[in-house]
Every structure is written in structure tokens, then in C-alpha cells.
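In C-alpha cells, one chain follows: the form predicted alone.
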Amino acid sequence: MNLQCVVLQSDCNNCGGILIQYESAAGLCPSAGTVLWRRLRNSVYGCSWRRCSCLFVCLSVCVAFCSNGVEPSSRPAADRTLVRVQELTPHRGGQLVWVRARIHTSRAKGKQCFLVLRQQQFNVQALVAVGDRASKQMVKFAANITKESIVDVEAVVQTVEQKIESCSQQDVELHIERIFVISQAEPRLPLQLEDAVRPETEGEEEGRATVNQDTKLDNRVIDLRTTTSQAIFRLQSGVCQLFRDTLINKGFVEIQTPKIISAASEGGANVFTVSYFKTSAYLAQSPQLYKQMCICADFDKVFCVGPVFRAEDSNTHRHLTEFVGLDIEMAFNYHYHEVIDSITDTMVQIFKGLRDHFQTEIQTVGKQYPSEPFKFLEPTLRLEYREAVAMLRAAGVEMGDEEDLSTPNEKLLGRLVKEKYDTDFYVLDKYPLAVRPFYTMPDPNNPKYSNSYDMFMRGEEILSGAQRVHDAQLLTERALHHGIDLEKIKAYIDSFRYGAPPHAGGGIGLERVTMLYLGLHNVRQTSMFPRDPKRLTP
């Protein structure tokens, strides 16, 4: 039986030294506890002060588990309440608390050991010092606990005179009286978390280590523990929640659409083909067709959140082969701008919610990746495509009236809009018909243009949308024009033969929204387990 022990310390009545006691903190069986306690008792009682050095061996193997098959989850709950690190504030000064956290760093100095305990994006300094409640051996033990180990500590919350700038909890520290290792990490970590959160500029200027993106992604479980990653994905969760709450309050219905389909959603070659029993199928490039079918089925206003697949061999900072789509579709009464207004208001509500409720996360990310605060207008700025082309031409760009925007021109336009209108979020309306998908409604006043639009954040596209063709005959003509096999989209076209309301919508990339709102520079930072042409793991 592989035993390790938990120790408490108190004055020994016999010699004034240290008395080791056994406490079952991890579900050790009673028989194992009895054997261990007898062994420790026999080595201590009646000893002289000179013999107390024999206790070092016992102290150095403190805390953990018994290999008798008893799992911690099957033992009775301890009579204690764990306090969140985030809740450690000056109003708890003088209180004795229990905290569970990871060892972020440790530093021994003489008769004391400083620890930084981390819990998600929050951390606090802790101190183990030789005194009435801690021995020299306990200090040495605490210093030897490996980084990233999970520990339970009983400690007194002490306010500090000088702020602890390196921790999120700057006004307090913990004075530890007991410490238990709940799960011990291996000594060698694939990357150091303090290196992974160090700003690149600081690393370059001071010659300190930083961690490159591929190393972070190869060891994603460790990288996701960093305060920056914790903040990014908690804010991203907020984007989804705000998206859902806003649309549900507007009367939308959330739907789920198939991801294995019989024909390419968008047409073209950027589609993954999969084997489907005795035939082939495709991974959905968009829930577009099914959103529209739901509108035809009188759901009126729908949205969905789910994976989208694009077989684009693009290794840029903003492209993924799988991303999370936030998709919207709604019927309108008189003009497709009703839909634009609904979508832009949804985005504004998301921006407001992030600004008002996620400042901790925004500031945490900003420490490693500084950026200007995201700006937006109410109502949202809307420009026509021809206006954008004119602005670019005035800035020296040569491009045709019906030419699609290149990535550099999108970014330049974003800078021009920011300079002129002081906003990071805007809509570009009336795109050339030639650069839009087959189901896009042509502009009735100018057949070279369409009732379609894109939305931009910091000069990069985050949504592409349009009024959809809702007439089966026109839809058939447009599909043939794009070279799409009508047999493969027969069910889609047929859904418009029995009366379909005019409607429009769009698809938003969740990872891009998160990236651009925070001012980050690579979408892989905002994809929890990114997929691109070169990455299929972890």
C-alpha cells in the first residue's frame, strides 16, 4: 500500500518539539490510518529534543492519497467552506478561510516561503513562515510542492499596506496555517505559465522568455490555464450568452440545423466531402439553407449557434477550417433594412454587455495584449459599397466599381472610417451582385448590385448577410448561373414553392468577434482548440 500522510502541528507536551498527527484528508481507509498513526506515535512520544530531527522524514512526505481504491469523491464531504480567490478582499481581513487553488509560483527565503495561488484568472500571494503555526520543515515542504499542483490551504486573510502589483488580489495576502496537496503536478511542465502570459515587448526588451503560439497550442490544456486564456474564453462565453438573451428578448427562436448535408451550402470548392455509407456528403459551410426553410415554415425569426466548416487552404491570422457560427434569419415586412437594424442592435447590446460586465476580463487580456477600447455608435454607421469605394479611391486605391474588397483594402477602409466617424463597428451595404452567393436578392433599382451587406469590426469582416431570393423561379435561375446542380438543392428550392415571406439574415464568426473586440491579432487565440489546414490536434 502506497501511503503518504497529512500532518498537523502542535506543541509536544513531552519535549516542547513537534507532535505529528494524522488526519484523513483524502479518504484513507481506517486500517491504513491506524497503522500510520501508530508508526508516527511510536517515533515521537517520549523523545528528547535531540531526537526531534527524525521528524523531517515524516514531514517531507506530507499529504495525498492511499492506493486502496478509495476515491476522494466517495468520501464524506469535509465540514468546511471553500472561499473563492476572487472573494479574498480587505473586508475578510483577519478571517480564517479555506481556499483551493493551484500553485502558480513558489519562492523560499530563509524561514519563510512565498506562494502565489491561482484560481482561473485570479491569484493571491500566500506566506508560510516559521512560527507558532508552522515549522521550518513545513516551510520546506511548501516550497517543494511542484508548480500547478492543486492544494487546499487554511489561512488567515491579512490586509497589506503596499499593494501586491503582481496579483489580482492586491490588497490582501494569506498567512497559511495548514496546507494539503489535493493533486500533485509532475515537476517538468511543457511550458511555464508566467512565460506564456508575458507581453512580447517585455520579453524582447528585457531578454525574458516568452512562449510562441505553436507551443501554446501544442500544450493547449496548460495554456488555457493562463489568466489571459481564462479571460478570453470567459468573455467569449459572454458573447454567446448576450447573443442568445438579446435575440430571445426580440422574439427569436433558437434552432438546430444539420451539419452533414447533401450539397455544398455556399457552392464552390471550399467544402469538406465525407463518406456517407454508399454515397458522399458534405460538412455544412453554413446553416443558411435550413434557416431559410424555417422561415418558410413560419418560424418568422430564428437563430442558431453551431460549428461551421470551410475547406479553405488559408493560413492567415483570421481563417479557420472550423469555427462557431452565430447565425440569424428573420422575415421582414417592407424592407430588408429592418433586418440590418435588428442585427446591428443585437451587436450593440453585445458590445454594451461586454463593456459593462466583463471589465475584469478585458483588463486581464489588456495586460498581455494592450489595445484601444472598442468604439461603436448608436445607431450603427451604415455606408453603401459605392461610398466605400470612393473613400478608398480618395486614399489612392485603384479598384473597379464591382470589384470585391481585398483584405488590405478592408483594413484601410476600417482606418478611414475610424478617422472620419470614430467608430470600430459599421455596416457596408449594397454589395456588387457578382461577388455574392446565388441566393442573394438583386437590387431592384440596379441589377449590378444586391440587397446584401457585411459588418466590420476594427476593419475586418465579422458578418456577411443579405436579403434572400424567396421566389422559386428566380432562385432556380440564380443557381444555374452559379453552376449549381439543381437536383442537389431540390428540397431547398421546393420549400419556396408554397409561399415564402421576404426575409434576410447573416452569419457571424464568434472567434472573430472575440478577437477583434479585444484587439487581438490571431483568431487561434480565441478558438479553444483551433482547426486550420496545418492543425488537427489536440
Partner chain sequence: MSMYQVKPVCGGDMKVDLPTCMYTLPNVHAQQGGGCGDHALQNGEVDPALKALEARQDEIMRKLYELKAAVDGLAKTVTTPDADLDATTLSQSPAAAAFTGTADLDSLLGKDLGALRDIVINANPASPPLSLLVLHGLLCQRYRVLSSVHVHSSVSSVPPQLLSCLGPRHTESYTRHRFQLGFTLIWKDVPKLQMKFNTQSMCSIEGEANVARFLFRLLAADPQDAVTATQVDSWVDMAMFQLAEGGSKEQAAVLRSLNSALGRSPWLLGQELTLADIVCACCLLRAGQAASPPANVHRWLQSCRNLGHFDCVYPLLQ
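Keep in mind that what you see is a predicted model, and the values were worked out from it rather than measured. Numbering follows the first chain given and starts at 1.
The protein also exists as the form predicted in complex with the partner chain; that form is not presented, and the subsequent description refers to it.
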Residues in which of 113 to 121, 234 to 242, 385 to 393, 323 to 331 have heavy atoms within 4.5 Å of the partner chain in the model of the complex?
385 to 393
Of 91, 163, 250, 355, the only residue with a heavy atom within 4.5 Å of the partner chain in the model of the complex is 355
Counting non-hydrogen atoms within 4.5 angstroms of the partner chain in the model of the complex, say which of 80, 136, 411, 375 makes the cut.
375
So in the model of the complex, is the partner chain close enough to residue 337 to count as touching (4.5 Å, heavy atoms)?
yes
So in the model of the complex, does residue 206 come within 4.5 Å of the partner chain, heavy atom to heavy atom?
no
Does residue 380 reach the partner chain in the model of the complex, with heavy atoms at most 4.5 Å apart?
yes
Residue-level contact is defined here as any heavy atom of the residue lying within 4.5 Å of the partner chain in the model of the complex; does residue 421 satisfy this criterion?
yes
